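Shown below, as structure tokens, is a lone chain in the form predicted alone; questions about how it binds or moves come after it.
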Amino acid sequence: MSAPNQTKIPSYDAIVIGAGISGMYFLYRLRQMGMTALGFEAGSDVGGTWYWNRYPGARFDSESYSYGYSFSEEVLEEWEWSEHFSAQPETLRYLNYVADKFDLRRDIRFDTRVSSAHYDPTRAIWDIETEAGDRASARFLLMAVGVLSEPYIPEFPGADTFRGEKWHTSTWPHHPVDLSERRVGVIGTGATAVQMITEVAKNVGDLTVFQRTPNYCKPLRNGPIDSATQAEIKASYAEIFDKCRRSFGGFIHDFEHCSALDVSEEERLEFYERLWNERGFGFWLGSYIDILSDLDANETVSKFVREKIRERIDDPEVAKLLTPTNHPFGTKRVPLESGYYEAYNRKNVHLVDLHRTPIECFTEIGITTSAAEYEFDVIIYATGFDAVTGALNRIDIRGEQGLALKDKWADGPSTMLGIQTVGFPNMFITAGPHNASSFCNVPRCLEQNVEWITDCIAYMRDNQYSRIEATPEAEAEWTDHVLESADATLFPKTDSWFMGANIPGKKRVFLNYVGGAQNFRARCDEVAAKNYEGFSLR
């Protein structure tokens, strides 16, 4: 940190980094508790993911009525979602509505990136500095930086020489972009790319997609919410949120508690067909209980999806390239789509397999692969994110004895409940590594995170504790449990952001928690009921 200046450094009970779903809720809860808090946000307004990601087709794939905040009966009654799966503009309007309703912006500093956060053990205080040199301090440091908020762009030779426009999907321009007469290259075919390619293909001069790995995509089945359904939703919110609380992934869908191999092929195919034609993630997280843990069971669903993909693509060679064969269904984030495969039936949409013909370099006019040269006006990186730990590592976070969080986690993260890590007292993380919210219907798990953390802070205040830190024993036990839970599944068999495998040099280790969101909640409740067992308070 730079030398202190003569001005008094403002001090708060808590500093919140990030003004997305959890950051906003932190500020609301802390204010209700009568505590002072200051939020820092890199963007110009609230919204987090939904502020940054403005690419065509951006929408969430949780049912809208299962996605919004549940804490305010008034908000639930007043707000009406127009679609079963809301698009980015509407979602951002919703978060702005919540920020306006509770006057949250007055406690947030926008257009401000935190560069460092250092713990001072003599004062039991976190000192914060921004990239602009502003400083603040607080007893508690609350990290609400998000799971997928640190964009990743591979280091392509010559990228800086390209004379056209280029950007990552998460930094899509905030002004209208007309691609109708332009030659566009897209690198990547993950969940974001699937949404974007579907929309861009409808009105583009010429589109070339560079595919690294094909994905198993399932139809979203979106549609408007009519007035009768709206009334039914409002009358059922308690039931909807209870269902989410009890399910594996925090969704309204949950697994069938029988094996895919214990039923006849006819019954199994009928079941898959029914789920395939339903809205949302039921086909992934509402299927047979063993499709994510048994290869033979998984192959039944993988084969089903491969056949569905082939049926929708006119060119057999293109269909072959778009059909996954190198990983089990569901072990990567499953994209939900609304016409993705049909986009490749258009004459002005082309697919390049980067396994066969890798990118060699960018040029002033486009991209050169090992087989051809392509000219573009625009190149779009749909290359994903340094997930879960990336946004935390971007900040110089140092705990006791100057230990850098990035160094501590160099060989993989270790946490207690994904909420705290040893050596960093009074720092709490939402959607961190080994936390259920990094593999969940995110707002449902984030609300749980924020409520648990703020309840913990209230407990400390009521009992006159000033410092809390996970114990090494509890951290080791939880980390072992997280990795053992993953090893009981098929997830470690696949290179994905779940494993950190999309980032060169990043330790390949499971980053999420797949023991079930309902079990995570139960464990958190148990820890709290035992006066925060596994944490040292003083």
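Residues carry their position along the shown sequence, with the first being 1. Please read all numbers here as calculations on a predicted model, not as lab measurements.
Not pictured, yet referred to below: the form predicted in complex with a small molecule.
Picking from 481-489, 24-32, 40-48, 58-66 the stretch near the small molecule in the predicted bound form, with a 4.5 Å limit on heavy atoms, gives 58-66. Taking non-hydrogen atoms only, Ser137 never approaches the small molecule to within 4.5 angstroms in the predicted bound form.
Proximity of Leu285 to the small molecule in the predicted bound form falls outside the 4.5 Å heavy atom cutoff. Gly412 falls outside the set of residues with a heavy atom inside 4.5 Å of the small molecule in the predicted bound form. At least one heavy atom of Gln195 is located within 4.5 Å of the small molecule in the predicted bound form. Between the options Arg306, Arg212, Arg394, Arg268, the residue in contact with the small molecule in the predicted bound form by a heavy atom within 4.5 angstroms is Arg212. When you look in the predicted bound form, the only residue of Phe385, Tyr94, Phe248, Phe241 with a non-hydrogen atom within 4.5 Å of the small molecule is Phe385.
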